[in-house]
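What follows is one chain in structure tokens, specifically the form predicted alone.
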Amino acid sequence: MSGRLNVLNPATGESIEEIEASSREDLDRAAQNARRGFEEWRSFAGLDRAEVFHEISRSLRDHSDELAEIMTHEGGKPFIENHDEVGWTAACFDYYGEIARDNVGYLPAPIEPQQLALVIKEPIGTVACIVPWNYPLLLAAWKVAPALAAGNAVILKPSEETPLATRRMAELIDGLPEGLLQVVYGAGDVGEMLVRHPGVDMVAFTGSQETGRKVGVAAAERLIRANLELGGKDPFIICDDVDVEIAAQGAVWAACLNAGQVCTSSERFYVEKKIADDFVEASKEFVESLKVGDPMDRSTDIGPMVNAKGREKVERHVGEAIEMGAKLVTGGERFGDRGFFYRPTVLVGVEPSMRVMREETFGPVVPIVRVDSLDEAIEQANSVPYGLGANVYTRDFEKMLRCMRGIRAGTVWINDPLTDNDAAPFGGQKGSGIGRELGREGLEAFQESKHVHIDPKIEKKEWWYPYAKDDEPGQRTM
């Protein structure tokens, strides 16, 4: 199936460009080209790969303004955030260019003195990388960089909402064997064809839980590996020993970054009752001070949501919560007369049964719950079937340890919300996914382990047949 993708500017609702969606024949060609590129890439030494990766990083940084502008027009994230994203993307290529040089395997202790045992890390083959629209270059790099560093070929499918920056990034990537990195375009039908394509040996996917299940089932049917990052409903715990003003500003940033459209957005806030009133008031004042508007304006804090569907989901969650008894503190409405803007919103009086507290909202909403104790906050934090990330504010080291050990999440940020680290693994527990990205774990996700057992002596082993030896009862006779 093929067709046209109409890419819209979320700030205006107007069309930017139409591009051709990839057909089955396009995927066939991509798979064939990837296989040829893979065979050539396997012969590159680690230092040669590292040099290619560093050149990719330099090229991306040299085009930071251009790439950030494209992302701003097609995705709506403020220009300053997109400019940062290009830098993070480049850093990811630098990191994997280096660690892949010394992560080719290891030597286990042999079982006999004269033997040698090796574990060799080898590439899997061709990896399908399917990425979302909210961080189109960064989340692509989190998959593409380690997959290539491990020696694989890659077929990359960006979101149909934001294909233009990915297309431009691919044009800027130079030095790879021809065909090693292919980009295909389309919506869910193209993604499904890609996962089911016989030329694909692994899939790495970031997206919704619903789509992730489908990807996982399709991969399981083919018995290929799947790495799935499926979003979250991240909690944020604010203890009563903190500076309320700073905590409120950090919390609002964690909820409203990219208009709340971050897989690790904080979507549930548990505040100890001693400071709850002050925290609500500080959050309200800070939210109302933020500038919502044109994402190309360097002074804009919050841009539009990516599309009408996403904004309508936020409106449903907030509206239903208010109907069920929650109180609107500020926001809760659209902004402007065009585009997909939604004012950052603060709610109190929310209950666990409300969808805004149990389903991924993916919008600039701060629902605040008063809790009597840290134990109650941790219990509530673990109450949903997600476990991607969690945030905590406290000065008390004992409380830090309790949260670190008690919260079920792939990442727990304490006093520094949403800060990623290329050298540390990223991924979720429970319904937030399978596998890890970033760090050495992110590289190993795209490698096969091969055990090689070497004995330089060719000799009969004492444990071979016959089991009855000459000097033992039960000797066999001819």
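In case it trips you up, residue 1 is the first one in the sequence shown, and so on. The shown structure was predicted, so the numbers you read here are calculated from the model rather than taken from an experiment.
Although it is not shown, the form predicted in complex with a small molecule is what the next lines describe.
Participant: Is residue 205 near the small molecule? Define near as a heavy atom within 4.5 Å, in the predicted complex.
Facilitator: Yes - in the predicted complex, heavy atoms of residue 205 and the small molecule come within 4.5 Å of each other.
Participant: Should residue 362 be counted as a contact of the small molecule in the predicted complex, where contact means heavy atoms within 4.5 Å?
Facilitator: Because a heavy atom of residue 362 falls inside 4.5 Å of the small molecule in the predicted complex, the answer is yes.
Participant: Should residue 157 be counted as a contact of the small molecule in the predicted complex, where contact means heavy atoms within 4.5 Å?
Facilitator: So residue 157 counts as contacting the small molecule.
Participant: When the contact criterion is heavy atoms within 4.5 Å, does residue 192 count as touching the small molecule in the predicted complex?
Facilitator: Although the small molecule is absent here, residue 192 would touch it in the predicted complex, with heavy atoms inside 4.5 Å.
Participant: Using a 4.5 Å heavy atom cut-off, which stretch among 335-343, 166-174, 181-189, 284-292 contacts the small molecule in the predicted complex?
Facilitator: Careful reading of the contacts points to 181-189.
Participant: What I'd like checked is whether 38, 97 and 121 together line the small molecule in the predicted complex, meaning each has a non-hydrogen atom within 4.5 Å of it.
Facilitator: Judged in the predicted complex, none of 38, 97 and 121 sits within 4.5 Å of the small molecule.
Participant: Among 83, 402, 408, 214, which has at least one heavy atom within 4.5 Å of the small molecule in the predicted complex?
Facilitator: When the small molecule is considered in the predicted complex, the option within 4.5 Å is 214.
Participant: What is the one choice in 331, 231, 199, 250 with a heavy atom within 4.5 Å of the small molecule in the predicted complex?
Facilitator: Selected option: 231.
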